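Taking the form predicted alone, here's one chain by itself in structure tokens.
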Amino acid sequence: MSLSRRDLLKKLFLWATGGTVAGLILGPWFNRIAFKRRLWQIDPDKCTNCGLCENACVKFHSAVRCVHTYAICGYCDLCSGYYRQGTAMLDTAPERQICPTGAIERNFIENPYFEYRINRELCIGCGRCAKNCEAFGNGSLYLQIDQEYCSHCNQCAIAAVCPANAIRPTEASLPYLLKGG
């Protein structure tokens, strides 16, 4: 059976239209599956806490958040990731805290120990706390991409500007990249 030119063009048009519609309907579903396999994460052993994460992310508030590894924290009264350098008094006054948004919450446990928690809603990923914790402490505060805030871009805008090449796609089955891991 031979097709006329007109019938062939009709079939090609219908096939192309059907493929486009199927792509529009199924495309987002396939993208979600693909992004669940690979996630952008920061390698904390490579991160230099340069501060670019705060503004390079495509999100209004960066998807990067500070995380705290309790297992290596000293729970000190004088936390270099919490207080500014040269602080005369150890209290929770905002001018003494290194975090510009007050995202690090400090709770007294027993003398001289305090518990430090990160309020994810307030953290903007500036890296000031992580930088000081690395320079004067044990590095228990560091930056990581919070997958609940991440848009799962095909090419992470932060990774494109990261001077240390610390941001890379990883398998979604892996937990967050941990310090020293």
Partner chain sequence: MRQNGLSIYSKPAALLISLPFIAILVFMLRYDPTISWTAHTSDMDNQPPDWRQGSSNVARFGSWHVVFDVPDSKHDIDGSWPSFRGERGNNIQTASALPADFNSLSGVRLLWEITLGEGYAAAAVRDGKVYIIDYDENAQRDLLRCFRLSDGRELWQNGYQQPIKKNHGYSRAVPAVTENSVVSIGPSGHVMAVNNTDGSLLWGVDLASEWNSAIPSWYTAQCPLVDDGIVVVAPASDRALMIGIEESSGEIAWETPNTEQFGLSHSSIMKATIDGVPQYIYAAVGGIVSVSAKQGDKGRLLWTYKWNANVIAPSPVIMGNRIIQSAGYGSGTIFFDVSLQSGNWIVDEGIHRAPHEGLASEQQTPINAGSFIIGIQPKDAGALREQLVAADSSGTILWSSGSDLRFGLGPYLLSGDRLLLLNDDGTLYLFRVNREGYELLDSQIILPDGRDAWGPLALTETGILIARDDKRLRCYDLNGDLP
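Small disclaimer: the values here were computed from a predicted structure and weren't measured. Residue numbers count along the first chain shown, from 1.
We do not show the form predicted together with the partner chain, though everything after this point is about it.
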| query | Are all three of Ser80, Asn107 and Glu110 close to the partner chain in the predicted complex, meaning a heavy atom of each within 4.5 Å? | reply | yes
Per contact check vs the partner chain in the predicted complex (non-hydrogen atom within 4.5 angstroms), the hit among 53-61, 39-47, 145-153, 111-119 is 111-119
Using a 4.5 Å heavy atom cut-off, state whether Asn138 contacts the partner chain in the predicted complex. yes
Looking in the predicted complex, the residues of 85-99 with a heavy atom no more than 4.5 Å from the partner chain, listed in order, are Gln85, Gly86, Thr87, Leu90, Asp91, Thr92, Ala93, Pro94, Gln97
